[in-house]
Each structure stands twice: as structure tokens, then as C-alpha cells.
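To begin, one chain is listed below as C-alpha cells, in the form predicted alone.
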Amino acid sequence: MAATSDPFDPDATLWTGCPCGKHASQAEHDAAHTSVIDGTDEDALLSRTVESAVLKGLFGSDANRRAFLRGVGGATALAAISQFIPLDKVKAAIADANGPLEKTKLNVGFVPITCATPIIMASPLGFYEKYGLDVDVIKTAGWAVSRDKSLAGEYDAAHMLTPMPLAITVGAGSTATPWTMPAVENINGQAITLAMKHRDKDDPSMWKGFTFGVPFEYSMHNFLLRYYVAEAGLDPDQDIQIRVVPPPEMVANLSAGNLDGYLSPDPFNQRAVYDGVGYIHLLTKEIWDGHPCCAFAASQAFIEENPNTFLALYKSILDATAYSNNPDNRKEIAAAISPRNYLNQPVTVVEQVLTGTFADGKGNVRQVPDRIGFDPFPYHSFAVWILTQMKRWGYIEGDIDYKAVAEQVYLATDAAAVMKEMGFTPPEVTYKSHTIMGKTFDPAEPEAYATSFAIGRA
């Protein structure tokens, strides 16, 4: 069939005229461009491919696509579609997929805990360098500092607690700023530690009047501690005190009697045992086996402004996380992250955490190989559970679109695509049910879950 005056022929598979709309024919378009590879204009080929793929994706069969194009015309069709699908951005993203890094020198913040293992060890073990990056991993005293430096742009990306990107995005505790969580850093890996003077009070119903430390309000530590004591019949806002204490200061506060206990990241649970000032009451995996804790996080703006750099950084984190999850590598990693510029802890303490062979302070040596794990997949259902607890305890109020917020912040779909590209096997679903202390959480019914507890503010 002869080409029509319309640059898009509905009976053709691709454009028959000029893809950019500036020329009457493909020949004129090619003559106007100097970037020709094997007789084909690279820009034109990309344009035709993207536009054809979008149309096919929207209309499915060739018959539907052709009928639509006959009715409105090719130019009108693409103008309408462009209102909803930014074709220029799609083309730019594809064109830049293997392009140069926008910047190679990056600052990534971390709080000195074992949850940050992949972010930390990626520096001394060469994972950032492998992807063409020069990353300065910067030790940060606590989470409020990490959040504020990230918001100020001093950090390009950071180690955060999994609730923090959600809180930043919805404006809980800070000005609302779109944030993302491309990867979980660790699962499990926390514990409730009590002072040795409470050795006879292992029953949480006996903790009324206790003062506990958590590393940040918007933390799994806070939400898991609240969940645990509430299940024992205590109101965490009335019957105990919960204080925010930077992780590196927890052992000293426990020793000084300022805290009766804490739900803390490691290695500070193990360090309390090592120093003889506390014992491990229980591991958080005994509350929720497989719970998320810390994360690799970046602002939406950083990703949009530096897509190639972000992808390289993301791949280095996923690679380092997979390496960290291999038990055979744990002793090597413990030695790499224990020095003063990282965790500043005895290697023995860090090894006990990472290998899961540890003294519990009660006179036992326990074998728990999955005491801490490193699974990067950011399930949307993790985010929904966290939002239900923020609602339960009054950190956020009013109606919440749990699904929309979860999918905006936790980049599970993107994670699956990149993991597949790297040869990993991501989960097939982004939502799943979770069991916390025997109670099943269904992510499809978040509001009912948030209001189902006898103790809470929702």
C-alpha cells in the first residue's frame, strides 16, 4: 500500500514518514541527520521502536491499533498518548541505558551497625569500584542526622531504616519529600537486650516502668518493641518509656543504668554481652521471622537527575548484598567492617552476629545461622505493614492509600527487573502475607489490621 500524507500509516508496522514530525519522508529525515549507522538513523530507529511498542502495548492487536489510527490519525494519536506517557522521557531513558555515568564521586551515609553490612563492605571489598564508582561511605552518628543530611543533599544516597523513606515521603517527622527504597539491606538481625540486673524479669508483662532505647521513632525497632510489649498487655505509651538513643550510645546507657533495655541493631546487643552488662532476651526473628530492618535509600530527584549513576550504584549494592548473604563470606566481611572507620568493634563481636554462633549472656552459646540475613527485595507488603503500625500508634492520621504509598516508595518492580538482569532470581510477587507473633497480616486488608488491636491509637 502506498504511503499516505499522514506520517503514520495505520496499515504499517512502524512509521512510514518522518518519526520526529519535521520532515515529509524518512529519506528527508535521514538526510537532515548526520548520525547514520549502516544506513539507518539511530534516533529515528529508536523513535519508531518506542512509538510502535507503546501503541502495541496500549491497543494489543494490530486490528485495534489500525482502527484507532484510522479514526484519529497518527499525529493526533501520538499527541494524545504523550499527555499520559512521556514518550520523550521513555526514549531518553532507553538511549541513556548504557550511557556514561552522570557523576562517579558519591557520598553515601551509613550508621555503624551490622545492618549496613552491604553498604559498608562494598567499599573495602571493591564493589563500588567494580561499577565505575568512587564512593565515600560516611559514618553517621544517628538516623536524624542521616535523614537531615540526605534531605540537604549532602548524601547522594544513604543507609536508612525501612520506615524512613515512607515517613519522609508522607511528611511524618519532616517536610514531605518523594523518597525511594530500592533495596532492603537486611532481614532479622536485631534483638531485645536487657540489663543484667533484670535477669529475673524475663517475662515482658513484668516490664512496667522500664525505660527502653530504640534508635529512631521511624524504625522497625520501635514498631517491633511496641508490638511485643502490647502483646504482653502493656501500653508502650503509658506503661514503659521509649527513648531514642543513637545505637553507638546504647551499651554505655545500659551500663550506666539510664536504660533497662533496648531493642537495638547489632552489634550492640552482642557488645552488651561481650562487656558483661546485658543479656539477649530474644532475637527479633522470634517476633517476626524475615522482617525487614534497614535499607538502601535515595531521593526520587537523585534517581531522575542521575539515572545511569543510580543504576551503577544500585547494582553495586545488590551485588554486595548477595555476597553478604553467603555464609561462607561472613568471616571475611566481619574483618572488613570491624575497623575504627566503620563499626569500630572487636572482630569477635561482629563475627558472632554475622555467623549466628554467639553467647547470649545467659550462659548459653546459641547456633542461629539466620540471626541476620541480607535479602534485598523490597516487598510492597513490608511497606504496607509499616504504614499500619505508623497508623496504629498515631504517627500518621487520616485516610491512607497504603498501596499507592507502598508502590511509590518501595521499588519492588524495578528491583525485580534489575535483579533478573544481574542473574539473580527475584520473587514472583511483591505482596505476601506475613506472620507476626502468630497473627497473620494480610496486605490486602491494611485498615482492618491497623484497627484490630486492643492496644493502639488507631
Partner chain sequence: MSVPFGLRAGILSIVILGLFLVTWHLLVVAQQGDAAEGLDPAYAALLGKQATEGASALPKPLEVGAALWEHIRDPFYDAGPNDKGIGIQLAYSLFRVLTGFGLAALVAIPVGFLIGMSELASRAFNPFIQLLKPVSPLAWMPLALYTIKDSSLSAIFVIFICSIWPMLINTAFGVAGVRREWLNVARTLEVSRLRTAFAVILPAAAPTILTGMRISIGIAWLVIVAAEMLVGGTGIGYFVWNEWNNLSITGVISAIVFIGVVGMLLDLALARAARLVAYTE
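Everything numeric here is computed off the predicted structure, so don't read it as measured data. Numbering follows the first chain given and starts at 1.
What comes next is about the form predicted together with its partner chain, which does not appear here.
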Can all three of 152, 251 and 364 be found with a heavy atom no more than 4.5 Å from its partner chain in the model of the complex? yes
Distance check, residue 346 to its partner chain in the model of the complex, heavy atom within 4.5 Å: yes
Examine residue 369 and determine whether its closest non-hydrogen atom to its partner chain in the model of the complex is within 4.5 angstroms. no
Does residue 260 reach its partner chain in the model of the complex if we count a contact as any heavy atom within 4.5 Å? no
Hey, in the model of the complex, does residue 358 get a heavy atom within 4.5 angstroms of its partner chain? yes
The chain here is shown without its partner chain. Which stretch in 209 to 217, 136 to 144, 306 to 314, 326 to 334 comes within 4.5 angstroms of it in the model of the complex, by heavy atom distance? 136 to 144
Within 4.5 Å of its partner chain in the model of the complex, heavy atoms considered, which of 223, 385, 110, 296? 110
Pick from 273, 234, 192, 121: which residue has any heavy atom within 4.5 angstroms of its partner chain in the model of the complex? 273
